[in-house]
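To begin, one chain is listed below as C-alpha cells, in the form predicted on its own.
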C-alpha cells in the first residue's frame, strides 16, 4: 500500500520555527490540514512536495526517503500551490499540454488526459479561451486539472478553493471524493466546510506544531461541553466578545444570541450546545489568534 510518512519534520528561519517537529503517516484517503493564516501550512506542504528542504526531520514515500527518489517521486506527485504560475495568453488546452510536457508525459496520452480533465473540472467549453479571460474560480479549476495530469498517487493542494464560489466548492469536494479512492489527498485550508464532509482525518496545525489530529467525530468530541448559547443584551454581548471566542451572533427580539466557546458556562443562564461543529473546533483552537480568548 502506498504511504507518505513525515518524521519530526522541521523548518526554521533564524530563531523562528515555521514548522516544528511534525510527524504523521498518510495512507490512501483524504486528509484536511486546518490552521489559521501563518500557522505553517504552506511551508509544510512545500517540504512535502520537495520544493523546500527541511531544516530537520525526514519524509518517506513508501519507506524511501524522498530526497533519494528524485524524478520517481515527482512522477507520483500532483501539486497545486496557493498561487500557481501560468502564461496569460495560453488557452486552457495549451496550458495543460504545456504542463504535460514539463511532466514528461507522452503527447498522445497528454491530449487524451487533458481532454478528460477539462471535462471533469467543467472547462471543456472554455478549452480554447485564453487564461487571462478566466475568473479566479476558473483558474483554480485549471490548476486542479494540471495537478491531475500525471494521475498522481499523492495529490497536495494548498488552499485549492480560493476564489471558488459555493457552487464550485461543492463541485470540487465531489471531485476530490471521486478521485481519492486510490490516492493520498492532502488538502490545506482555513475554510472548515471544505474538509468537514469529505476528510477521513483532519490535522490541526498551530504556530508550526501539530496540536491534534483525528476524524471529524473525534475532534467534535473534544469540544463537547465547551460550546454554549447565550442570550443577552447588546452591551453584554460586547463584553463577551472581549472575553471569549464567539462562533456566531444573531439578533432576536431585541436581544443578541451568541454561540460561545468556553470551558465553563460564560454566563449563569448559558445553555450547552449539544451538537458542536468543526467550525467550533477551529475557533476553540485558533480563536485567540484573532484576538479572542477562551
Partner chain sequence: MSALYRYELRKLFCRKQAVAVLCLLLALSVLAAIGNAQGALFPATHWNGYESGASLSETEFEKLSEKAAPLREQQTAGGTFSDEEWETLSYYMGAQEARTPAAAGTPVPAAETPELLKMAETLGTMSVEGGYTGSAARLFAGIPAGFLLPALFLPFLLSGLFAEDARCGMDALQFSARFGRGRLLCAKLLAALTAWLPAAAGCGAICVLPPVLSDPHTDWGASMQLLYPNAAYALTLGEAALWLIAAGVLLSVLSSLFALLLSSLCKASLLGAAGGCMLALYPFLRVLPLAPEARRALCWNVTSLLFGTDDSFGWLSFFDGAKVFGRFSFSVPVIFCLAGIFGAVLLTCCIWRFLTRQVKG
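Keep in mind that what you see is a predicted model, and the values were worked out from it rather than measured. Residue numbers count along the first chain shown, from 1.
One more form of this protein exists, namely the form predicted in complex with its partner chain; it is left out here, but the text below deals with it.
Against its partner chain in the predicted complex, the set 79, 87 and 103 is in full contact: each member has a heavy atom within 4.5 Å. Of the candidates 209, 171, 190, 74, 74 is the one whose heavy atoms come within 4.5 Å of its partner chain in the predicted complex; the others do not. Between its partner chain and the residues 229, 267, 50, 58, the one pair within 4.5 Å by heavy atoms in the predicted complex involves 50. Residues within 4.5 angstroms of its partner chain in the predicted complex, judged by any non-hydrogen atom, belong to 50-58 and to none of the other stretches in 26-34, 232-240, 50-58, 245-253.
The shortest heavy atom separation between residue 117 and its partner chain in the predicted complex exceeds 4.5 Å. Interface membership of residue 95, defined by any non-hydrogen atom within 4.5 Å of its partner chain in the predicted complex, is confirmed. Although the partner is absent here, residue 146 lies within 4.5 Å of its partner chain in the predicted complex, judged by heavy atoms. In the predicted complex, no heavy atom of residue 262 sits within 4.5 Å of its partner chain.
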